[in-house]
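This document opens with one chain alone, in structure tokens, the form predicted on its own.
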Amino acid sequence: MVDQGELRQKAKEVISREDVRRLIGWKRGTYGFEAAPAVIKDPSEADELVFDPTCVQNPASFVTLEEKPPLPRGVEPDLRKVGVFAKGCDSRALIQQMVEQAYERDHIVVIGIPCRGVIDHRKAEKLFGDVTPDLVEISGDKVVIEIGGEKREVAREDVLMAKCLRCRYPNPLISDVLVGGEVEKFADDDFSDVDEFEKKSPAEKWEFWEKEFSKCIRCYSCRNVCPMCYCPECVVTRLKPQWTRRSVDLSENTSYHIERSWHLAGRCIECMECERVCPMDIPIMTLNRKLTRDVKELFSYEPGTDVEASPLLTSYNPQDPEEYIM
């Protein structure tokens, strides 16, 4: 378990720096099994910060939400750095944002936090109901949850997010400050979930997606929470030209989700934020995982792992397969 005192002390040291204007992390939530994102600007606020398995949100999503010009007349832009806490998957998002030149490396100060997994609120609510836990911590292969003074141990797979059970990078891949020591990864990712889905016939696959896409209400929560969806204007809501209509029907919903999955090919860092926030429980990562595996197998490319890498679509390897070229 992360030492909260060490975490807050290092947060105070970072936010006290003259070249840092804000720090993005988590604070205790007021409802349910999820902490709340927090942005602090003063060392006195650091005592609110926490890290435990309820810290699900990816802070990298907030780094790109900076003040954009034009600013009000007479207001000078604040060019100081942004501090940000980062789990392993969060750090991959930061790296990929930098690979795509959303900002430079010296724009951020990364406080890395080795992570042993975070709570899937849907799993937890099925077991415990709509309650707010007093304590959540991981002990070996168990998760200890305390509610109303009563502690209960459950298996990791019963309450942790699927991404955590197959996490390849539990330790931050970049950091300027590290809280605690590194942890061992839980398991290797063999993409068995993708293999299992691909066993379905085309008719079965379409039946599956027809059911799922029909539920979509086009709230765009998946897009809005994604750390890799930071375009000033999204093509799916653009009117001139209009690539996708705003109709909430099977045809347009299918178009939206397929467009978005292709937009994330070679970019998705598998944080599962899209699936976590979907109010209709659509298994969005089923699409993203398929493309992630294909990109890895076909092009030996894994997004968010190397700050010096080029984006997938701007890189070239003479050994890349070219079967698609006529």
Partner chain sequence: MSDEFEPTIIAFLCNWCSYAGADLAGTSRIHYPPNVKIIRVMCSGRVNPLFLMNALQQGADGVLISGCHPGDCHYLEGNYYSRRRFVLMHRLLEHIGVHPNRVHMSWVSASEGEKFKEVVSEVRDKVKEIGPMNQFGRRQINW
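Residue numbers count along the first chain shown, from 1. Here the rigid core means the biggest group of C-alpha atoms that line up within 1.5 Å when the two forms are laid on top of each other. Keep in mind that what you see is a predicted model, and the values were worked out from it rather than measured.
FYI, the form predicted in complex with its partner chain isn't displayed, but the following is about it.
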Check: Where does its partner chain sit in the predicted complex: which of 142 to 150, 174 to 182, 238 to 246, 80 to 88, heavy atoms within 4.5 Å?
Finding: 238 to 246
Next item on the list: Find out whether any non-hydrogen atom of residue 250 is located within 4.5 angstroms of its partner chain in the predicted complex, and reply yes or no.
Entry: yes
Notebook entry, point to check: Though only this chain appears here, would residue 191 touch its partner chain in the predicted complex if you measure heavy atom gaps against 4.5 Å?
Noted result: no
Checklist line | Close approach of residue 209 to its partner chain in the predicted complex, 4.5 Å, heavy atom | finding: yes
Notebook entry, point to check: Taking heavy atoms only, is residue 205 within 4.5 angstroms of its partner chain in the predicted complex?
Noted result: yes
Margin query: For the three residues 47, 160 and 169, which mark the spot I'm curious about, does each lie within 4.5 Å of its partner chain in the predicted complex through at least one heavy atom?
Written below: no
Item checked: Residues within stretch 267 to 288 having a non-hydrogen atom within 4.5 Å of its partner chain in the predicted complex -> 286, 287
Item checked: Exceeds or equals 2 Å, Cα of residue 310 between the shown form and the other one, core fit -> no
